[in-house]
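In structure tokens, one chain follows: the form predicted on its own.
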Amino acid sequence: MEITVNHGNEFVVALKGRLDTVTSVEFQDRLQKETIKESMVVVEAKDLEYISSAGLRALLSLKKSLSSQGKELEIHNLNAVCTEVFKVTGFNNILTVK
């Protein structure tokens, strides 16, 4: 999986590939190394091909961490497969998906 981060008005994390058991650890490690000063974090998921339960847990953990700091998390541009995973698991009601 490729992870690209950009700082600006929003902290944007672009994901390319699969967010699964192996890559969710990489995702969490990468974000722990970042100093996020922005109040909004956007996960750009247009190139995310697949998300597993481990990937969902990583996003939920990120949301909890950000919420405790008074920051927000949004997931943008999920494909049809990932959107279905979010709907079936109810994560579309837990995380802000745009």
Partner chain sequence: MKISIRTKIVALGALISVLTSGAALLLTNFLYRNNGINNVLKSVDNWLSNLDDDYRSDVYGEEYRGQVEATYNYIRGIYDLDPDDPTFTDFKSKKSHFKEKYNWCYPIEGISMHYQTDEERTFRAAYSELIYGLKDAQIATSATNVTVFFIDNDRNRIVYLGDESSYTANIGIEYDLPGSYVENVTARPFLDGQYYNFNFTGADLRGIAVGSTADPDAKIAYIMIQYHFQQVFDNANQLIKNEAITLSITSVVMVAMFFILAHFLVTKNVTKLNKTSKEFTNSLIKNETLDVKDPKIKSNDEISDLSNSFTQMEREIINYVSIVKEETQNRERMNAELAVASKIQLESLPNPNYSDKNVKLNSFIKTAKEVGGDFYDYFYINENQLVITICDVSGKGIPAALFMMKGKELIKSNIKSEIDLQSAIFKANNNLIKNNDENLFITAFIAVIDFEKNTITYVNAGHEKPYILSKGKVIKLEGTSNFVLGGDDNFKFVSESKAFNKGDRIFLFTDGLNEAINEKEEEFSYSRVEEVLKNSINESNEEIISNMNKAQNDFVKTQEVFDDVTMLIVSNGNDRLTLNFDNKDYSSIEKIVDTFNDNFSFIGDQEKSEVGIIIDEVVNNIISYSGVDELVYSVDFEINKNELVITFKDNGVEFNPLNNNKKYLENYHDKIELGGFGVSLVKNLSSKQKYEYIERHNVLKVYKKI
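Keep in mind it's a predicted model, so treat the numbers as computed, not measured. Residue numbers count along the first chain shown, from 1.
The discussion below concerns the form predicted in complex with the partner chain, not included here.
A.B. asks: Please check if Glu49 has a heavy atom lying within 4.5 Å of any heavy atom of the partner chain in the model of the complex.
C.D. replies: The answer is yes: Glu49 has a heavy atom within 4.5 Å of the partner chain.
A.B. asks: Answer yes if any heavy atom of Ile94 is within 4.5 Å of a heavy atom of the partner chain in the model of the complex; otherwise answer no.
C.D. replies: Taking the distances in the model of the complex, the answer for Ile94 is yes, it comes within 4.5 Å of the partner chain.
A.B. asks: Under a 4.5 Å heavy atom criterion, is Arg30 part of the interface with the partner chain in the model of the complex?
C.D. replies: Looking in the model of the complex, residue contacts with the partner chain do not include Arg30, since no heavy atom lies within 4.5 Å.
A.B. asks: Just to confirm, Val85 within 4.5 Å of the partner chain in the model of the complex by heavy atoms?
C.D. replies: Flag for Val85 set to yes.
A.B. asks: Just to make sure I understand: among 1-35, which residues lie within 4.5 Å of the partner chain in the model of the complex, judging by heavy atoms?
C.D. replies: Residues within 4.5 Å: Arg18, Asp20, Thr21, Val22, Thr23.
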